[in-house]
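This text opens with one protein chain seen in two forms, each one given by itself as structure tokens under the names structure 1 and structure 2.
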Structure 1
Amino acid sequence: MTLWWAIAVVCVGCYAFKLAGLAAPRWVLEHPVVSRFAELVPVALLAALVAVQMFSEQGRLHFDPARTAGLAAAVVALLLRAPFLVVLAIAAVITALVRVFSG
């Protein structure tokens, strides 16, 4: 498989996944179990995504002090009700600063 083929498969597959959810028949959408599942799922997946992007690298658990400091700063900013973009800027700046000072 060449890299271009892998990219083509990912592009087509990702679009098909998106369309499948939107195009599902009405009775699936209106079933209370399905709608509660679909309501809760983004919370679990987004939280998992945060955890994995924070604490793993190439399939292994990995603790990155700078990135952790950046996310901790973001949590403080969120607790202080800082605007969205300020939260992200603080996270990036703190991460970069910790990297600079820890060499």
Structure 2
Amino acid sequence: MTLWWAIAVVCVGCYAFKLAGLAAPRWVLEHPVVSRFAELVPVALLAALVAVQMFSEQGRLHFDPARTAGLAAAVVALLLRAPFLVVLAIAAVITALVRVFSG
């Protein structure tokens, strides 16, 4: 039951944070520092999420060659400006192929 209370508190906090963002005056949002921060934070958070998912398993540092190959293929596809669904498909196919051939 404690976990559900924690989830509810986090949900309320996130919603309040979102409302605070909507209620912020326009001059605050148009400040160059705030604008730059808003541009960079999502990229940093997503990169951190990918890194954690790539190199951890059960809370420990773990190297999975198949996932790493899939990520490398996705990076190459992104550099070639492939559409997002194509990037996902390439990463999935490469990951599956490495898993099949590595046993």
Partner chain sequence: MEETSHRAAAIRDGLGVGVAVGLAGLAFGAAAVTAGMSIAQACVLSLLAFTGASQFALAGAVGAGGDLAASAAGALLLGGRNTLYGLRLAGLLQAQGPRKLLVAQGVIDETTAVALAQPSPAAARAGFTATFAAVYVTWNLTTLGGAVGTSFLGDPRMLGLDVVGPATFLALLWPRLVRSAELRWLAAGGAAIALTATPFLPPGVPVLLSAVAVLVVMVR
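Given the structure is predicted, the values throughout are model-derived calculations rather than measurements. Superpose the two forms; the largest set of C-alphas matching within 1.5 Å is the rigid core. Sequence positions of structure 1, starting at 1, serve as the residue numbers.
Between the two chain copies, the one drawn from the form predicted alone is structure 2. Core-superposed comparison between the two structures: the C-alpha position of C11 differs by no less than 2 Å. After superposition on the rigid core, displacement of the C-alpha of A24 between the two structures amounts to 2 Å or more.
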